[in-house]
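Presented below, as structure tokens, is a lone chain in the form predicted alone.
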């Protein structure tokens, strides 16, 4: 039994690790010169710089369980307290109300007193208490769903920055059923989203709750690094860098996979954990219908600009974990995380590390050079935070055409691809393009993909041709 895993991001690494532990000979091929995909941590002059995700949520347990399994339990840390987040709206900062759930309050008091919304705007949001259910089963955009129940102000000022930024997709295009199906479930059970959120707040108070976000003391790269080390120790997994799979065809008893070098690999099972566009290209010959569904999942681009400053370069000491930018603000940046204030050990004493996100609001700016993106970040931070002078650290990380957009109908596209592959149980697709973009989602998909092909192999390999 042999398996080929295509793609060395967190999904592919998890799949290869799981297969190796099961004693199944596995080859992992990665086109780039490093493993980990979007997960990347660098130590630069005392700064701990994250190019991709800086944390994951603990209420989806896959990543937490994997970290502990890899011996990283003592390295798990939570954010500093208090967790203060700001919204940049109408030219000023407004603190995100305490006790906020996904996009709604879990306690009424902080919401009533917040300066984020005017009394009339709060009344419009409160209409959710009397509005009927929509009674629809079809997918709609998150923006359309929330505008109907809560009004446009909450969407543009709060929900859009919170959810749209995570998926690099405008909230009026974002799929409700793929991203936040719990909102429709809440409407069905409680009729009112506000009542549902307040009920969840009461339940959390009884059970106790802290921050759902977790990271590692050495950064998220510590997780991918531990996975790589575990794979190397397993001896059953062969890792090949600078190896691009360019063609996939079926043969009796397995598959022929051609690499860009001309080398032919002949595994009995394949896990495609490559980015969506690459996966679609590999499926074209063997499963064209599945390829068409995968290709219909569009991908966007974004950039993370990490900037380090001395504390004395701020007109006043920065505070909080960061801020989001509401729709309509005349700024290039979408959000900013004050990394060294949010997480311990991210910057030398007397300095501040910030992560600025660019591209969701103004994708055209991504055509600029790294120096131009740094200049945009500096300009907006000077305007909003009073920081002056040149940063002592500047690092740009781009994700061009690699951010899957979960637009309306996303689950149908994924289901169509899966159905088209139903006759090939020893070939599976996994990764951020399909069933969740977060690290826990990707870890869970890697585990599931490994389990699927292992089961297919143990029951005899079906003929794919």
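Positions refer to the first chain, counted from 1. The structure displayed is predicted, hence computed values, not measured ones.
Not on display, but discussed next: the form predicted in complex with a small molecule.
Participant: By the heavy atom within 4.5 Å rule, which residue out of 55, 41, 407, 428 makes contact with the small molecule in the predicted complex?
Facilitator: The residue in contact is 55.
Participant: 243, 200, 222, 298: which sits within 4.5 Å of the small molecule in the predicted complex by any heavy atom?
Facilitator: So the residue touching the small molecule in the predicted complex, by this definition, is 243.
Participant: Look at the stretches 416-424, 65-73, 397-405, 41-49 and give the one with heavy atoms within 4.5 Å of the small molecule in the predicted complex.
Facilitator: In the other structure, the partner sits against 397-405.
Participant: If we define contact as a non-hydrogen atom of the residue within 4.5 angstroms of the partner, is residue 6 a contact of the small molecule in the predicted complex?
Facilitator: Within the cut-off, so yes.
Participant: May I ask you to check whether residue 450 falls inside a 4.5 Å heavy atom distance of the small molecule in the predicted complex?
Facilitator: Judged by the heavy-atom cut-off of 4.5 Å, residue 450 is well away from the small molecule in the predicted complex.
Participant: Is the gap between residue 302 and the small molecule in the predicted complex 4.5 Å or less for some heavy atom pair?
Facilitator: Result yes; residue 302 sits at the interface with the small molecule in the predicted complex.
Participant: Find out whether any non-hydrogen atom of residue 16 is located within 4.5 angstroms of the small molecule in the predicted complex, and reply yes or no.
Facilitator: Flag for residue 16 set to no.
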